[in-house]
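Just the one chain here, laid out as structure tokens, in the form predicted on its own.
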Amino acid sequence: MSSAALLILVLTLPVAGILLVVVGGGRQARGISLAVLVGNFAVAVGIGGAVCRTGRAVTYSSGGWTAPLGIQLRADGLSVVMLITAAVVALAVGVYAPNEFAVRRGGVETRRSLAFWSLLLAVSCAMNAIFLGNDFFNLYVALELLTFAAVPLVCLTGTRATLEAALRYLLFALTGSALYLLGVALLYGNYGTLDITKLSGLVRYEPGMPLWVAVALMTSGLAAKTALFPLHLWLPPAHGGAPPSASALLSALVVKGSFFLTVRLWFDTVPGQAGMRTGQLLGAMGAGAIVVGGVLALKQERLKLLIAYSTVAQIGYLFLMFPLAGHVGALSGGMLQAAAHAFAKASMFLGAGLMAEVAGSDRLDGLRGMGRALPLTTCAFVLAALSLVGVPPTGGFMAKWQLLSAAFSAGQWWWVVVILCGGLLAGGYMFRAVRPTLVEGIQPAAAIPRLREWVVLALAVCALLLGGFSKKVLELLDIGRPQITEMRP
């Protein structure tokens, strides 16, 4: 199959799956969704193989029309890494979720099951569209699809608290969308195109105030959707009452969609144009996320909220790449962090769900004895925690090492202090989460299917293997990248 066909298939396959789920109903939703997610993973790997084989980005222009008239899909190294990461996480959630959302034989079919499987495929489709999009308006459409698939996931339980959390998330998301779309309109009015490749050539020779106003608006909107400090207020409540499968999707994938667009904006559209002040501001917000998120995580008494505030902190590392742009290790460190965080955080939220099933709640003081009751889950939680802290040879360590190397290369020692302090905070709150599971305590009240534990462990192992194969991943990230010059002061 040609690379162009694969690019089309990775978008149409989830859409076809959603239609089949709606027609087949909740009883057939699980089987259809799992088949689609397996196919989605296979197609993502096929796109990765095409990119590696050709050594350049692969593209497809709809109807044979090139930009700006046609819609172009483009897969480079960044796209491939995130496509495969998203496919693995979505498939893992699909395998884990049937115990929560399957319709029992002879049982009553509910909207909850049908809604979850449809939304899972919608999230997968939207993420694929974001990773392959090469036009800022079409990326806006994909981003909105992601938002309207993610918000209902927050309130699947239907309680008052989850509805309030979903409405808060929707408010932040729609405000971010408005800011982003306003910036897109300014870009189009000034340059007459929204194609990223064409824009990158135009802004090199025609930078000006309209450009930076547009970039500032788009970045602000994307930061709100990514839950970057201090725009993170929607994220912890959204995780508090959401099902574990939904939390895994929100933390591992959904926030990465808007972050990926920010990367496309700063590293592909305006490469080398970002001023030091702008980059330092994004870095300062990232540093604030690392410190504030870490401190708040230390204070939590519920495991899910601890993991949620950990997400706030770990998102901060992603934005340390912007003040270091143009230096070796900045982009690769940020993207490695995105992938490693996705695997580790999905494993943690799914593992927290299993622990809550056994203990009856996710309070830390009720998790005693989990090491004996759920040995695979506990092992997975420890491995994921090591990646978040940045212990070698995990993917989290390699990501932070790349960022540290870029900081030393840039002579910006203050980011070194932030990364090291963030690691200490992460060690503290991860120790609080792991310690109760390793002491004697409760006996399991209900049997947990071993397959669900293996899924949790497999995701944690992915975070570990990402560090071992980091050299190959770094080489892949470089494929199809534009030449980026040093940032101008």
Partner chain sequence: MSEIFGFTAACLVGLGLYGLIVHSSALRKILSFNVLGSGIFLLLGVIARRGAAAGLVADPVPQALVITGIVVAFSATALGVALIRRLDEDDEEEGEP
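Positions refer to the first chain, counted from 1. If you're wondering where the values come from, they're calculated on a predicted model, not measured in any experiment.
Quick note: we don't show the form predicted in complex with its partner chain, though the next part is all about it.
Student: Is residue 137 a contact residue for its partner chain in the model of the complex, using a 4.5 Å heavy atom cut-off?
Tutor: So residue 137 counts as contacting its partner chain.
Student: Can residue 175 be called a contact residue for its partner chain in the model of the complex at 4.5 Å between heavy atoms?
Tutor: Flag for residue 175 set to yes.
Student: Whether residue 170 contacts its partner chain in the model of the complex should be assessed with a 4.5 Å heavy atom distance threshold; does it?
Tutor: Judged by the heavy-atom cut-off of 4.5 Å, residue 170 is in contact with its partner chain in the model of the complex.
Student: With heavy atoms only and a cut-off of 4.5 Å, decide whether residue 301 touches its partner chain in the model of the complex.
Tutor: No, no contact at 4.5 Å.
Student: Counting any heavy atom within 4.5 Å as contact, can you tell me which stretch out of 337-345, 176-184, 356-364, 88-96 lines its partner chain in the model of the complex?
Tutor: This holds for exactly one stretch, 176-184.
Student: Quick one: from 203, 263, 306, 194, grab the residue that has a heavy atom within 4.5 Å of its partner chain in the model of the complex.
Tutor: If I apply the 4.5 Å criterion carefully, the residue I get is 194.
Student: Just to make sure I understand: among 155-174, which residues lie within 4.5 Å of its partner chain in the model of the complex, judging by heavy atoms?
Tutor: Residues within 4.5 Å: 155, 158, 160, 163, 164, 166, 167, 170, 171, 174.
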